[in-house]
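So this first bit is one chain, no partners, the form predicted alone, shown in structure tokens.
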């Protein structure tokens, strides 16, 4: 429980940076998504089950920050699970693995958002894809610092705590 509490504390500056700093200075007309990067970083470090669990927590926070419904909770859980599985069996648990998982995770988030908007009646697919691409590129700039923060926690907090 101590480890997950510290991960949650590490999530607070990421959330603050996304919600209160970067949202006020959009680049290319978009703000970066840092919360999904946090879920991906923990999944890369902790594996599938830890990634899925932390993904649920990040999904709840994403729902509050982005104003989306409960579907984001399931999405973040699946992204955490998938990224954790990728780094357990295919990719290395390092910054490059996190970058590749971040591309996949952010891509899935934006594909889901485009599909939901298309289902809602919006028909300007090229504009939505352009917006999604810019958002993913701007978000990827922050993979290294977000990964570094959670990697620092991963190294400093004991893996097993005994009472």
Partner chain sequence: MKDFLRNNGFLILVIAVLLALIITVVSFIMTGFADPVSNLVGIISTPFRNGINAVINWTEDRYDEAFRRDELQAAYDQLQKDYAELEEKFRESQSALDENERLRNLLGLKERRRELKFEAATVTAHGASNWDSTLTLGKGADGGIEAGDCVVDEYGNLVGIIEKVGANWSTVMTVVDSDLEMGGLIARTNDAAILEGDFALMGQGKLKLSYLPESSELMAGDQVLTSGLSGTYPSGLVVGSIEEVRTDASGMNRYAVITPETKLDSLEQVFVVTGFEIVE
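Since the structure is predicted, the reported quantities are computational estimates derived from the model, not experimental observations. Residue numbers count along the first chain shown, from 1.
There is another form of this protein, the form predicted together with its partner chain, and it is not shown here; the text below is about that form.
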Consider residue 135 of the chain shown here, and say whether it contacts its partner chain in the model of the complex, taking contact as heavy atoms within 4.5 Å.
yes
Classify residue 19 as contacting or not contacting its partner chain in the model of the complex by the rule of any non-hydrogen atom within 4.5 angstroms, answering yes or no.
yes
Does its partner chain come within 4.5 Å of any heavy atom of residue 30 in the model of the complex?
yes
Mark residue 108 yes when one of its heavy atoms lies within 4.5 Å of a heavy atom of its partner chain in the model of the complex, and no otherwise.
no
Partner contact check in the model of the complex: of 110-118, 39-47, 97-105, 53-61, the stretch with a heavy atom within 4.5 Å of its partner chain is 110-118
In the model of the complex: members of 123-139 within 4.5 Å of its partner chain, any heavy atom:
124, 127, 128, 131, 132, 135
